[in-house]
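First, one chain by itself in structure tokens, the form predicted alone.
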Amino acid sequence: MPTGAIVLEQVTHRFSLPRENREFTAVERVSFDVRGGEFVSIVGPSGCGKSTLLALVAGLVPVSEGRISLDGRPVAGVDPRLGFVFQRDALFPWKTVAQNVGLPLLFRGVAAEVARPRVADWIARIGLRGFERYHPHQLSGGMRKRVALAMTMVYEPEIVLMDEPFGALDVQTRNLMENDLLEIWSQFRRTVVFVTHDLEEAIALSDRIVVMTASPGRVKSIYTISLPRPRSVTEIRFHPDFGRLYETIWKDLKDEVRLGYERSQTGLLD
């Protein structure tokens, strides 16, 4: 089995709502695989359990039913080979760019003489050479996202989970970050599972897209994105197959988005 492979088999996750004296099913009987080195995006309506799936793969919460395996081994807690990029950049405001990027190596006990050149290399890769001594409040939103990405990649995880990492950025900055991500991914070919609400983003980045139903989240369909690589997210949108892919996937997704919205309006979606 390729390094970094992920397999979800009939995965269900429930959690209790004590105030309502009931259980809520976030995802139900979810099955799909991610091959080693593959870039897979998960799309679906709000509340369908996309972020929950990442937390389950990461070992942050246990499955209620089913099984998740990484390279053939069942997930049992947080795997050190795995990295997570959250929606909000989790930078320490009192630490500099270099100190933030180096923190994961410090936590892993990497010797300073090994960590320093690796930190410098990743700061250069994300285009922030010269900003090593800056603090987060001195950086733009896009620059902070680059630091957060470097914090994950600096310890060379085999699997990278990304939970809407660029959702809060303006369109131009987002496109730059998406291209930076594609360049890094093409160089290192880590396994990436990417959650997004943006279908265009998912098509531009991915090898395959998993479409989720409205809550409880189930796999509705999986699409292969055969657009040529390497890609530029701004240019790939003009490829003749891009519009056809968008139209096909959106037809599959829009009913779930509508259903999710209706449930949220009537209080049926927690």
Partner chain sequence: MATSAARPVSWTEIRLWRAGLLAAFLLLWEVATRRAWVDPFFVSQPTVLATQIADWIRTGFIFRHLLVTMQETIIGFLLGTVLGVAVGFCFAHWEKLAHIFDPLMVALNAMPRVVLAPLFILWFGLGLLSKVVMVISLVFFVVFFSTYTGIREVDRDLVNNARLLGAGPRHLIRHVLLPSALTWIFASLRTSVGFALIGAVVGEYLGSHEGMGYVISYAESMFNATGVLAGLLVLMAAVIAIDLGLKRLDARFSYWKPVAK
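Positions refer to the first chain, counted from 1. Since the structure is predicted, the reported quantities are computational estimates derived from the model, not experimental observations.
Just so it is clear, the following notes concern the form predicted in complex with the partner chain, a form of the same protein that is not shown.
Visitor: Just give me the single entry in I184, L176, L139, L91 that has a non-hydrogen atom within 4.5 angstroms of the partner chain in the predicted bound form.
Guide: Contact with the partner chain in the predicted bound form is made by L91 alone.
Visitor: From the list V97, V160, M151, V195, which entry has a heavy atom within 4.5 Å of the partner chain in the predicted bound form?
Guide: By the 4.5 Å criterion, the partner-contacting residue is M151.
Visitor: Report whether the minimum heavy atom distance between I222 and the partner chain in the predicted bound form is within 4.5 Å.
Guide: No, no contact at 4.5 Å.
Visitor: Does any part of A120 reach within 4.5 Å of the partner chain in the predicted bound form? Heavy atoms only, please.
Guide: The answer is no: A120 has no heavy atom within 4.5 Å of the partner chain.
Visitor: Does any heavy atom of I68 come within 4.5 Å of a heavy atom of the partner chain in the predicted bound form?
Guide: Close contact is absent here: in the predicted bound form, I68 is far from the partner chain, nothing within 4.5 Å, heavy atoms only.
Visitor: Is the gap between R189 and the partner chain in the predicted bound form 4.5 Å or less for some heavy atom pair?
Guide: Because no heavy atom of R189 falls inside 4.5 Å of the partner chain in the predicted bound form, the answer is no.
Visitor: Picking from 240 to 248, 24 to 32, 56 to 64, 210 to 218, which part of the chain touches the partner chain in the predicted bound form when contact means heavy atoms within 4.5 Å?
Guide: Checking each option against the 4.5 Å cut-off leaves 56 to 64.
Visitor: Does the partner chain come within 4.5 Å of a heavy atom in each of F39, R125 and R144 in the predicted bound form?
Guide: Result no, not one residue of the spot touches the partner chain.
Visitor: If you apply a 4.5 angstroms heavy atom cut-off, which residues in 223 to 248 are near the partner chain in the predicted bound form?
Guide: Residues within 4.5 Å: none.
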